[in-house]
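Before any questions on how it binds or moves, here is one chain, the form predicted alone, in structure tokens.
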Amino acid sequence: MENLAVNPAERDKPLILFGLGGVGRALLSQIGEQRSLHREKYGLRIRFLALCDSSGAVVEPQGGFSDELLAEILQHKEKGGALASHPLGQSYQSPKAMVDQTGGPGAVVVDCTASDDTADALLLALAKGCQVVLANKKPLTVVQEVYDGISRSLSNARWETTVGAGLPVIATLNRMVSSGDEVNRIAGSFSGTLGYLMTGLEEGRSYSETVAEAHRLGYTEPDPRDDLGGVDVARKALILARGIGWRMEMEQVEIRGLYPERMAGLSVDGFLAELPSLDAEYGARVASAAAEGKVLRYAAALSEGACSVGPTAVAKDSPLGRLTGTDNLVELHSRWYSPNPLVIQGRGAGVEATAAGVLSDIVELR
């Protein structure tokens, strides 16, 4: 068990964690695994003030959270248990109320949920002198004023994993903007799931076969339409658009999904059964692109104040055209990176990679 006594030479970093799904649980595990590294290299001791899910919370008990207790809570969650049903669990009114109860200067509020209900909590945290780290895209893609409130102070907020999981997309963009390098165009593939689908189509597999395989392998959400609709990619594109200074709302992002509206109301099984009806259409799109020396990618494009996401034919020898599998890729075109863009590519999904990015954000905050 980790010794909970505070070493005067160590810097204390107390966390309030919202969200104990895949990313939150992976973060909890990684913090435990890296205690020696954080202590020896950074003089840092990460501890928890509260762990919260949608059902309730476990607030720091007398004597603190031992590593044994954290492991027991983690096991409880991995078995499908809710924090409200844990012996130390309690209900709480809202994320904002929890921050008001437990947060204070020096605390870090970490949002690993997939909810926009945390936006008020994050703004309150910053007002109270806390810091915030987000893996959750939704607070950054509600109204512009919320984004402004969270992003105003880079010394107190990090959201690297909202675009590209562990890839350094946000940090790179912020460095370019802060140097005065005008970013005039961004393009990329921001979904490993949709990248896998596009690679399958390029290799000659049918649309229905590739989607069904991605679903079977767990690459898609339980309902594949959550990926195929393109909204998640649109949120990432909006975060980048706001990052370069555009004043833009979600409804201004053009979204072209990968299934017709008539299939939106079907059950998941009904949707999967109907997929072969789209095979001819997507086969024709792939053939049309190939006839022009291009390939089909599900791409985001930000240029001249407009932002769109959808299936796009791109040159086969371009960075996007050469992309395969589940990697993400972001092209940043600017005054200094022209005519050749700055390209960031790599694993852009997965709970472990995302949790590692969140942990890096926590450690980097001073």
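Numbers follow the displayed sequence, beginning with 1. In this text, all values refer to a predicted model and were calculated from it rather than measured experimentally.
Unshown form predicted together with a small molecule; subsequent notes refer to it.
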- Just one of 308, 55, 29, 318 has a heavy atom within 4.5 angstroms of the small molecule in the predicted complex, so which one? 55
- Answer key: of 184, 115, 174, 252, within 4.5 Å of the small molecule in the predicted complex (heavy atoms) is 115
- Query: in the predicted complex, does each residue in the set 220, 298 and 332 place a non-hydrogen atom within 4.5 angstroms of the small molecule?
  - Reply: no
- Message: My question is simply whether residue 141 lines the interface with the small molecule in the predicted complex - judged by any non-hydrogen atom within 4.5 Å.
- Response: no
- Counting only non-hydrogen atoms and a 4.5 angstroms cut-off, does residue 165 reach the small molecule in the predicted complex? yes
- Taking heavy atoms and a 4.5 Å cut-off, does residue 77 contact the small molecule in the predicted complex? yes
- Answer for residue 16 alone: is it within 4.5 Å of the small molecule in the predicted complex, judged on heavy atom distances? no
- Query: Going by heavy atoms within 4.5 Å, which of 133 to 141, 256 to 264, 240 to 248, 185 to 193 lines up against the small molecule in the predicted complex?
  - Reply: 133 to 141
